[in-house]
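Before any questions on how it binds or moves, here is one chain, the form predicted alone, in structure tokens.
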């Protein structure tokens, strides 16, 4: 793999940008002209070569910069990593999941060798060369789950399964869309998703929970979720709202194409073997409105989705201050052509 990692920032001067290839592989989430919250779960067992679905854990040109942004967040607020005491088996499950996945799918970037419980991990992009004893916390520089989730993109929440429910008892969350792991730690599945409008009334989370309780090891699943973000900022946490909240009123008709970003989450769920917990990964992808209008089909589809969006969802996703400006910006690009179902760019 010939991957050039960008040196870029997701805060302050915001030097983040997508290459043409990153735009092409962006996981555009709208297959039709209207959007309503749904379970939309499918098997996560590979996808088209080069797509974000190809591998279990996606690594792209933003990998090094996103890991650096995570380091900055944790340096300021170590409590973005939460681990309840009973989750140690799940922590080692996470080490195995990530190391096996990355070394299998990106062997020129990551290498794992094992001699019984003696493991040797090499992460070339981050310059890490670590020998440790699997199962022995003392042989790593920090807790196992924190150690390995500092080396992946996206947030990871580990759900403990008990009493016919799932509880958010372990997690690394530094790039969330306005929710708090510190607040949600220990919550049940439905408590965690309680604020989502329309979905609870439609029984979506009841069906999702029933499905996930029967998730099998070796059969991960995935879905897409989306919102919008002003500026390419990963850390839009409640804890740091004073740093990013005011940006929501900074959008003008002149800057809307550059400042407003579609933020798509590739959410994957993996059953873990030892703990029987579920690893829930939330990998975020950012593309500006100008990025998306590279493809006329996406410009037309997004214009229609935002125009037809239910007011409750617009309010919940925090779009009300600028949604109309985005609609007006896209309107001249939408000629009313009937679009076939699908999320493809062309």
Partner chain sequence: MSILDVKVADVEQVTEVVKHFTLVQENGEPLPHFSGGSHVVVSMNINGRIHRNPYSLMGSTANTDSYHISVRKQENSRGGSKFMHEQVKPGTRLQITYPVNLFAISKLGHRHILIAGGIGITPFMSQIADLNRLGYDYELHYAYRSPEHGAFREQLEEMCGKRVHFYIDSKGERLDIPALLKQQPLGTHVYTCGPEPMVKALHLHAENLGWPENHVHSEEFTAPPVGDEFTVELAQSGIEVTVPGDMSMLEAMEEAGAEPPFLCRGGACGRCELEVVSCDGLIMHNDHYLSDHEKAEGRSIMPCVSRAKCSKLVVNL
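Quick caveat: nothing in here was measured; it's all calculated off a predicted structure. Positions refer to the first chain, counted from 1.
Here the subject shifts to the form predicted in complex with the partner chain, a form of this protein not shown in this document.
Of the heavy atoms in residue 207, none are within 4.5 Å of the partner chain in the predicted complex.
At the 4.5 Å threshold, heavy atoms of residue 273 reach the partner chain in the predicted complex. Contact check for residue 86: a heavy atom falls within 4.5 Å of the partner chain in the predicted complex. The partner chain in the predicted complex comes within 4.5 Å of a heavy atom belonging to residue 163.
In short, of 102 to 110, 86 to 94, 146 to 154, 259 to 267 it is 86 to 94 that has heavy atoms within 4.5 Å of the partner chain in the predicted complex. In summary, among the residues 219, 118, 124, 139, the only one with a non-hydrogen atom within 4.5 Å of the partner chain in the predicted complex is 219.
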